[in-house]
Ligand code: 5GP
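Starting off, we have a lone chain in the form predicted on its own, written out as structure tokens.
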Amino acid sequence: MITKIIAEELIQKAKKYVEKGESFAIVTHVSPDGDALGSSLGLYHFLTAYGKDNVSVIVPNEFPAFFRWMPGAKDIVIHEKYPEFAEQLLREADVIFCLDFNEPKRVEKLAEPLMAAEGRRVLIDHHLNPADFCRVAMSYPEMSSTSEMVFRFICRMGFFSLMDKNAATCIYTGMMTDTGAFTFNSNKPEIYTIISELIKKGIDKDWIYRQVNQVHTESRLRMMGYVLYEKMKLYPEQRTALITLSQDELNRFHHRPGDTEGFVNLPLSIKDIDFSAFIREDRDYIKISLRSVGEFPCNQFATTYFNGGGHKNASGGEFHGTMDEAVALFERGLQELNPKKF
């Protein structure tokens, strides 16, 4: 038995949009991760199975190559590559699902056309403090992932039977990746009830894990070795580790989107390290990824120092300045919000 977390009023409003809508757009955040893609493609496959012929998934920019195997991934429209087409799809959509982001700025250049579109917007998300930009807002930070919420949404509408293997595969991928393969934010029994139902749909969870976590390029493995040997700094007094990568270093290893995915988690395997940060240069800013174990709230650290947020044990932010300045701010934060005190 799965409890009814999402308010019935929200389910019924969104269900009417699903029933009456003819054209759908599904939008997720910049640099889409496994949960963003899993929830979006899971909903895409459900809507298609429901009989909707005009359904599009739109992402702001390229996504990691190790997610390209996901059913439906080849049909995703990348705004950065095809801006006019992506914006046309938004304009023509009767219903726009906004998945895995809590405010328009998280879709960057897609924000303006998204807000200008006349279609009914529905938010499905699990991040804190959602902005008021959708007619229906299903926001539940206590959920493990947006993919879990999509599963619950489909079931609560009474359409579990329409969830096929493709939808189940995508939803499981999102749940798995957003919990670090069920190593954090994953202690609630209902998560495993959902996994059981997804397995009944025919998914191969072991194969999915391998595609995401064990199939990578040679250059990524070499970059991982470089990161661990040359670029990891420990702060024993704060039970913290830091990894940094400049744009030149990324280029040295022929970096592609997603190649650094998971690097932030690596130092947490070190005894007595409770907080890990990965700071790397992006195109226009410094990207911050934070992970913690135990009670240290890395989302508080992200909010306080890097204009970010997220979950207690998994969060991120950004910094506009130099790498040295970002590291200096990070080290100041360690002194002020010492993980060892938690």
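Model, not experiment: these values are computed from the prediction. The first residue of the shown sequence is 1; numbering continues from there.
Not pictured, yet referred to below: the form predicted together with guanosine-5'-monophosphate (5GP).
This chain is drawn without guanosine-5'-monophosphate (5GP); in the model of the complex, the residue among Pro60, Gly308, Pro64, Pro297 with a heavy atom within 4.5 Å of it is Gly308. Between the options Arg120, Arg156, His127, Arg220, the residue in contact with guanosine-5'-monophosphate (5GP) in the model of the complex by a heavy atom within 4.5 angstroms is His127. Although the partner is absent from this view, His216 stays clear of guanosine-5'-monophosphate (5GP) in the model of the complex, with no non-hydrogen atom inside 4.5 angstroms. A residue is said to contact a partner when one of its heavy atoms sits within 4.5 Å of a partner heavy atom; Glu318 meets this definition for guanosine-5'-monophosphate (5GP) in the model of the complex. Proximity of Lys287 to guanosine-5'-monophosphate (5GP) in the model of the complex falls within the 4.5 Å heavy atom cutoff. Within this chain, Glu103 lines the site of guanosine-5'-monophosphate (5GP) in the model of the complex, having a heavy atom no more than 4.5 Å away. With guanosine-5'-monophosphate (5GP) omitted here, the record of contacts in the model of the complex names 288-296 of 37-45, 52-60, 288-296, 65-73, defined by a heavy atom within 4.5 Å.
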